[in-house]
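Consider the single chain below, provided in structure tokens and representing the form predicted alone.
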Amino acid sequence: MPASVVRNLIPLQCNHCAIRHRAICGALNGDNLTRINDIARQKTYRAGETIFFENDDVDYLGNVLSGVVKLGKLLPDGRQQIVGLQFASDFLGRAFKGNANCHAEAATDVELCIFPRKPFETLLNDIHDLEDRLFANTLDELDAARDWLLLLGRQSAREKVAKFLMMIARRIPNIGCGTEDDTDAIRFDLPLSRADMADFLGLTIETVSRQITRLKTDGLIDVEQNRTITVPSVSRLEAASGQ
């Protein structure tokens, strides 16, 4: 395991894990849960820190415990394309393949529950429930990728930005701020800069900023200190996203 991964490793107790029932480990109990707990370790990354590089030989896999991980690929001319975001309970890495096909970076402070690759793959072969959960997780990612292809290829800039905000609102912990008349209001911090949002959505920074301003003018969002977003009505923002 690379030195950058070894530091700050601490044992992880699965019984006290806040995301276990949503992660692949939720398929396990009893002795099988003990087996995965024995190989699990917790690792922290600061915002902006690289988790692994594209084409690295990565000898571990993991669940995201908290924070947001940014997945990207480098183009031959040095430009970056963000190809995915991972949130709490998402599975990072690909079993039975060592080389990373993209790079991973902590978009925010991130906690991972990591498993050494070979012992984890042994568990996959031994425990069919774990294998089935990982397979279902992979199918969910495929469905999400198809939805995102539709977004990038067919939807307007306004719909792209609105849908991005909807995705963040659904996936990261938020602070409820609704009233008795409007109970679906939420507030959250954006995990990406405007430049990263533009990269992810296939837009320019200026277009992203302009669409955020228009959504704010239309009363669909409020923006505090450039990163904190309040959505007065999730249903209205959802309609603006074209869903």
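The first residue of the shown sequence is 1; numbering continues from there. Because the structure is predicted, anything quoted here is derived from the model rather than measured.
Another form, the form predicted in complex with another copy of the chain, is not on view; read the next lines as being about it.
Chemist: Is there a heavy atom of residue 159 no more than 4.5 Å from a heavy atom of another copy of the chain in the model of the complex?
Modeler: Contact check for residue 159: yes, within 4.5 Å of another copy of the chain in the model of the complex.
Chemist: State yes or no: in the model of the complex, is some non-hydrogen atom of residue 40 no more than 4.5 angstroms from a non-hydrogen atom of another copy of the chain?
Modeler: No, residue 40 is distant from the partner.
Chemist: Just checking whether residue 147 would be counted as a contact of another copy of the chain in the model of the complex - the rule being heavy atoms within 4.5 angstroms.
Modeler: Residue 147 belongs to the contact set for another copy of the chain.
Chemist: If you check in the model of the complex, is residue 118 within 4.5 Å of another copy of the chain, heavy atoms only?
Modeler: No, residue 118 stays farther than 4.5 Å from another copy of the chain in the model of the complex.
Chemist: Can you pick the one in 106, 88, 169, 134 that has a heavy atom within 4.5 Å of another copy of the chain in the model of the complex?
Modeler: Contact with another copy of the chain in the model of the complex is made by 134 alone.
Chemist: Of the options 192, 198, 36, 65, which one has a non-hydrogen atom that comes within 4.5 Å of another copy of the chain in the model of the complex?
Modeler: Contact residue from the list: 198.
Chemist: Just one of 210-218, 65-73, 26-34, 40-48 has residues with a heavy atom within 4.5 Å of another copy of the chain in the model of the complex, so point it out.
Modeler: Going through the listed ranges, the match is 65-73.
Chemist: Quick check: do 187, 224 and 236 each get a heavy atom within 4.5 Å of another copy of the chain in the model of the complex?
Modeler: Per the other structure, none of 187, 224 and 236 touch another copy of the chain.
Chemist: Does anything in 229-243 come within 4.5 Å of another copy of the chain in the model of the complex by heavy atoms, and if so which residues, in order?
Modeler: In sequence order, 242, 243 come within 4.5 Å of the partner.
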